[in-house]
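First, one chain by itself: the form predicted alone, in structure tokens.
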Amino acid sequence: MNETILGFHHVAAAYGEREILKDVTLSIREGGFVGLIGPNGTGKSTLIKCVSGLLPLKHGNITICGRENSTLKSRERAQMVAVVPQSYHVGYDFTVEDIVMMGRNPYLGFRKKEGPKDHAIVDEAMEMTNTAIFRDRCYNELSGGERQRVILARAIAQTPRIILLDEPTSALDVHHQIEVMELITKLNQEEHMTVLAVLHDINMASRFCQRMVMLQDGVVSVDGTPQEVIDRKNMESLYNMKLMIRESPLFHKPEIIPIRVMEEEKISVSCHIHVICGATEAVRLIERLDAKGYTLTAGVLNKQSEDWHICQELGIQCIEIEPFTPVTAEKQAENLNLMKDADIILVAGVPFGEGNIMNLQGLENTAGQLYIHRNILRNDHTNGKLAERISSLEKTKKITYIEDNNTFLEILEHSLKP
């Protein structure tokens, strides 16, 4: 089950004079589950149309189960390939069973009626997709999620070796999105159907697909596992926006976290801010400061904390230590060295305990203006050491206390005006 079952060889296609696919070369092995991603208008749905015979190629060729696609009759193709569109409308009041039985058309001649085998296959397809419960209902009366399951049942009834899906979940709520993708996964794993799915939801594609292919400008730009395809460079190129990449702790697959499309207003002067943080308290603030153009550093941060992750994603230099380990005098010396040229030092609203109180040691000897979030005084787990440290700092250095991050941003905006 390792041979190439669907092959694209230098495929080009166009709508009139408008070329969509320029040079697509791609091989899909039998039993694969491949997600096709890319910007709107890059040719994902066009590629599906080329396989299904709805759009002729400008040049190149497509092979299906080792046969040249252009030589196949529609009936022959339909016995090997089933297509699930993002929506399907009918002008007559067909029942659900009628629609699913249409999947048997490639096996029925002009005078040949459906037989017991066909009915058995249709029954099984409806049971598999949980559509048998409304087999006698009118298809046009069903909800969007129910209709999509019916169309999937119709595709299963074709008993194809390949199933093509064109944005099968785009019009569905999250419950039905997951339901449809789980059904497709079941077909792939239990029925050994090869799946090629056009998907807009990258996190959905990452979770369910074994392989992802990214189309851009009419060619394959990236091809690999979700871990290989979903990185910040590829995804920002795809979406033209700022985002983060994380590994899902549940599925151990990469997922994207959109951050912003519209740019923040940039600062007009140079300013270096060093952020003393940890856990999750400074994630949003660090991203906004970075977006505004501030030079940022941070520390000391435990690896894998949320604040550490945002620094890694944005390329912000920080002093780091292993998870669940205390800040040592040596690491704090590195931290102080990193902030020595900072114009502003911000102590974010992080809880302080015995493990990170060292983060505040030596701040009286720094040159930058010191801002402290009042939340640290409400999250003191040091048995009084934090209050002593703050009191000592107040004797030698001016401290500006802030109530929240927005207040800090407003202070920056007013103080840095030219």
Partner chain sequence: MSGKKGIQMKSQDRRWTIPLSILLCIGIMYVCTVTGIASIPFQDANRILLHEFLHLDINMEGITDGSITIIRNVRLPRVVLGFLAGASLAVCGCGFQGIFKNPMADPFVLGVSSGAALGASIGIVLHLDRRLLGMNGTTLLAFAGAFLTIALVYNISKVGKKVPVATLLLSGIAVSQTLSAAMSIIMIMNKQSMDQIMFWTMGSLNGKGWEQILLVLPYSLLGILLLSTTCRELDIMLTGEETAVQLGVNVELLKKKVLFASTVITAAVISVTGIIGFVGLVVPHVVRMIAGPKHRILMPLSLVFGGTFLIICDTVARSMAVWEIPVGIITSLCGGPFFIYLLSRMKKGGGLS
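Please read these numbers as outputs of a predicted model, since none were measured by experiment. Residue numbers count along the first chain shown, from 1.
The next section is about a form of this same protein that is not shown, the form predicted in complex with its partner chain.
Exactly one listed residue, out of 141, 231, 173, 182, brings a non-hydrogen atom to within 4.5 Å of its partner chain in the predicted bound form: 141. Scanning 315, 91, 249, 116 against its partner chain in the predicted bound form with a 4.5 Å heavy atom cut-off leaves one residue, 91. Contact here is defined as any heavy atom lying within 4.5 Å of its partner chain in the predicted bound form, and by that definition each of 78, 112 and 158 is a contact residue. Contact annotation: its partner chain lies within 4.5 Å of heavy atoms from the stretch 48 to 56 in the predicted bound form, the single such stretch among 349 to 357, 48 to 56, 33 to 41, 373 to 381. At the 4.5 Å threshold, heavy atoms of residue 210 stay clear of its partner chain in the predicted bound form, well away from it. The shortest heavy atom separation between residue 201 and its partner chain in the predicted bound form exceeds 4.5 Å. Put simply, residue 257 is far from its partner chain in the predicted bound form: not one heavy atom of it is within 4.5 Å. When its partner chain is considered in the predicted bound form, residue 83 lines it closely, a heavy atom lying within 4.5 Å.
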